[in-house]
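Take a look at this single chain in structure tokens; it is the form predicted alone.
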Amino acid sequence: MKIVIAGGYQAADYIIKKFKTTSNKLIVINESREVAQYLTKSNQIPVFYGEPYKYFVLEEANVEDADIFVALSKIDTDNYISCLLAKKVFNVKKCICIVNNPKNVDVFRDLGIDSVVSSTQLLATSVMNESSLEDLIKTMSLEDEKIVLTEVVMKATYEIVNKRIADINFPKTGNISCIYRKPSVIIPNGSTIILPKDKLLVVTTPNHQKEVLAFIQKSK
């Protein structure tokens, strides 16, 4: 497949490594010279420096007839314009657009973008799947307070390691939204056992972050 990765930093690096195979042709474009240099060095592939929402940049990068175009820039409108240009002018088959504002998901879809992804929306869905309605309301109804997503790597010395989530009495002020257990991502439930080296993605509010982290990292 011919895949275009436009913008982004860590997400771009991750996607490049996932799709860097002999069967895929990767075209990487980045508006930051520093990031472009990093991606080149990290992945040993050429990276086009320039704003992917500009016609001449996409033309120079030869995105014509690409199978997938992924827009990862921080600015939602830049991603939208990049995708629209790729699809309407360069005949890209499928465009995937990342947005920071979840309100733009439906708007961008209605405007013709094939797939629109909001990390905030995915996070909220994960919270809903793993929380009771009562807990969800208590967490999400706090005005002017934002959700914090924290990544914690499990050590064998932690008290909660090698135990089921149902048995650890996890604080109600936080939620384990997912577990990365290389090479898999697990959506946990009560019967999920936390193992050493698991990477937990934990959802809390800013006021409760330290409390939840202290519970997770408590030693045996």
Partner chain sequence: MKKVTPKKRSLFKNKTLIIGCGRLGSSMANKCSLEGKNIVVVDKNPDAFDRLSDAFGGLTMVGDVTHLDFLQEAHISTAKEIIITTGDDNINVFVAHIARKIFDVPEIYVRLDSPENEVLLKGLAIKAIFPFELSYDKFNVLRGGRK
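Positions refer to the first chain, counted from 1. Being a predicted model, the structure only gives us computed values, none of them experimental.
What comes next is about the form predicted together with its partner chain, which is not displayed.
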Within 4.5 Å of its partner chain in the predicted bound form, do Tyr80, Lys88 and Asp106 each have at least one heavy atom?
-> yes
4.5 Å heavy atom contact, Leu84 and its partner chain in the predicted bound form | yes
Would Asn101 sit within 4.5 Å of its partner chain in the predicted bound form, counting heavy atoms only?
-> yes
Would you check, heavy atoms only and a 4.5 Å threshold, whether Leu111 touches its partner chain in the predicted bound form?
-> yes
Does its partner chain come within 4.5 Å of any heavy atom of Tyr55 in the predicted bound form?
-> yes
Interface segment, criterion being heavy atoms within 4.5 Å of its partner chain in the predicted bound form, picked from 27 to 35, 47 to 55, 191 to 199, 150 to 158 | 47 to 55
